[in-house]
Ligand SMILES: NC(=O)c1ccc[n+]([C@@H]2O[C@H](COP(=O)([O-])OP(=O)(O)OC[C@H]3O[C@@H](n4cnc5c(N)ncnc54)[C@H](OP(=O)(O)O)[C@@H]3O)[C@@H](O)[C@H]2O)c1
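Here we start with a single chain on its own, the form predicted on its own, put down as structure tokens.
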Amino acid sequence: MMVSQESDKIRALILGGTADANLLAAEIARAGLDAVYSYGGRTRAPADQPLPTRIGGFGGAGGLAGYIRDERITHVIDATHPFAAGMSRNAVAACMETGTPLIALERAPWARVPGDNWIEVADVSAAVAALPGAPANILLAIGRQHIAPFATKPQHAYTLRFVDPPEAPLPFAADVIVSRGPFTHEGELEMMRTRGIHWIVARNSGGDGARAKIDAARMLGLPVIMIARPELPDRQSAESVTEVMRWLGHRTCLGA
């Protein structure tokens, strides 16, 4: 559905926290549209945005619906991480309740190509079960909220990579890398070789920003336990900032 309202009537809410959300915010600001950028609050030092920003949860679908009404939001763009399933479900419910147009900005998931050694699993529990029994060096590229189940296999040497240093003790001993992407192919190769990585556990987030580790694993012949995206309610979606801007009734100079 193409939205044809004039720009002075648009007040968009971007549910953000991803590289694509940041690109969208820049394009919306460039177009002069009224919008608010919302961070979930899990990152302690979120990137600055060219739009008014709020940080923190809404209090479920009902709280988000109340915010949409109170702030006179006319359009919602869900540009959260593909695995932020709770927020995405709340967005669908809140927009249905308030009758607000919703679109998801979501890159296509990665597809297996020749040379990939993937073990595709449905969730984190299945990823833990897929790990080998013999001790190995494991890169967990899945975010800090999902690492606890791996404590059931303490024989492995885990490498973790977080945007922020951990605030609480980890559930197991691990080599922690504090770094913010996007990461380069050469950098990922060096990291995996230096730490002697044998296995990688990753979520199928798609896009280019986190793909380097998948390409590096292919080059090194490493197995990747690939966690599938969670199932979400039906919703309109777009794979690029350009598509979202068209949905809002505006053109963009971006090519993707």
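Because the structure is predicted, anything quoted here is derived from the model rather than measured. The first residue of the sequence shown is number 1, and the count goes up from there.
Below, we refer to the form predicted in complex with the named molecule, which is not included among the displayed structures.
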Check for me whether the named molecule, as it appears in the predicted complex, comes within 4.5 angstroms of all of G60, T80 and A85 - heavy atoms only.
yes
Let me know the one among G56, G209, G196, P52 whose heavy atoms come within 4.5 Å of the named molecule in the predicted complex, would you?
G56
Listed residue that, although the named molecule is not shown, lies within 4.5 Å of it in the predicted complex (heavy atoms), from T152, Q145, S125, N117
Q145
Of the listed stretches (85-93, 131-139, 109-117, 171-179), which one has a non-hydrogen atom within 4.5 Å of the named molecule in the predicted complex?
85-93
Proximity of G187 to the named molecule in the predicted complex, heavy atoms at 4.5 Å
no
Distance check, M245 to the named molecule in the predicted complex, heavy atom within 4.5 Å:
no
In the predicted complex, K213 touching the named molecule (heavy atom, 4.5 Å):
no
Considering non-hydrogen atoms and a 4.5 Å limit, does the named molecule approach P223 in the predicted complex?
no
Would you give me the residues of 187-205 that have any heavy atom within 4.5 Å of the named molecule in the predicted complex, in order from first to last?
R203
